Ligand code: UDP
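One chain comes next, on its own, written as structure tokens: the form predicted on its own.
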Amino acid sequence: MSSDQLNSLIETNNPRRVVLKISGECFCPPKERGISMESVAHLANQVAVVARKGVQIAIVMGGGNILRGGQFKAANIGIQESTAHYMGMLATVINGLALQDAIESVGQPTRLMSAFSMDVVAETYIRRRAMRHLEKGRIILLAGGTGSPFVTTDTAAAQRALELSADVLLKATKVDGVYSDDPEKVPNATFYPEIPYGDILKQNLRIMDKESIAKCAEHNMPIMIFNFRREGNLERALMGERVGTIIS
């Protein structure tokens, strides 16, 4: 997809359907862990405002604010890596429950859907049902990754964006977009306002995992990377404004 095609896609806004990937960091203040309801409420308000304008929103959540599967592998304490990944998937459901109540408290309907069966707290993800929820104006919260270990939530977000025929995959991060190096460690790293999928892979830029980039490249799914901590960026990105970096 060319830059001109992407600009045309963003400007049409009729109606937009987006998949938003948020990390566990969105659920708590910087350098903290757990769930801060102040952070969740702020996120919920921004998403609800845009949904009321007719944008169809699906959110894929990480769970690193609660637990990261890799921490058990590194600690070598006897928990199998597959088990650790399942534990991480459960953490995304906890985040989803918090975000669901926060969004509904401001009057916007939601559906929490899990990649694995958890009927007491969430619907099992079924593509057609998810599409119907979006068409009815409900924000869908997609927890549990893909339901399989050894698959990141970035890849889950790419998968859902393709399945749900989204216009764009948005990834909310703590940096302004894609850089030639980690800007927190290399202050003079080059910022890329736009970059092809292939360059991400060639330069091994770790803004998303390789599998998610490859999936989007194969199917021409544009990705926008932006800093969710900059006030107004989330709403702007959801509405189709260009913020951060476009990968296309």
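Keep in mind that what you see is a predicted model, and the values were worked out from it rather than measured. Numbers follow the displayed sequence, beginning with 1.
Unshown form predicted together with this ligand; subsequent notes refer to it.
Each of 85, 89 and 151 comes within 4.5 Å of this ligand in the predicted complex, counting any heavy atom. Contact check for residue 146: a non-hydrogen atom falls within 4.5 Å of this ligand in the predicted complex. Residue contact with this ligand in the predicted complex: residue 68 places a heavy atom within 4.5 Å of it.
Heavy atoms of residue 24 reach within 4.5 Å of this ligand in the predicted complex, making it an interface residue. At the 4.5 Å threshold, heavy atoms of residue 64 reach this ligand in the predicted complex. Figure note: of the listed segments 173 to 181, 123 to 131, 151 to 159, 98 to 106, the one touching this ligand in the predicted complex, with heavy atoms no more than 4.5 Å away, is 151 to 159.
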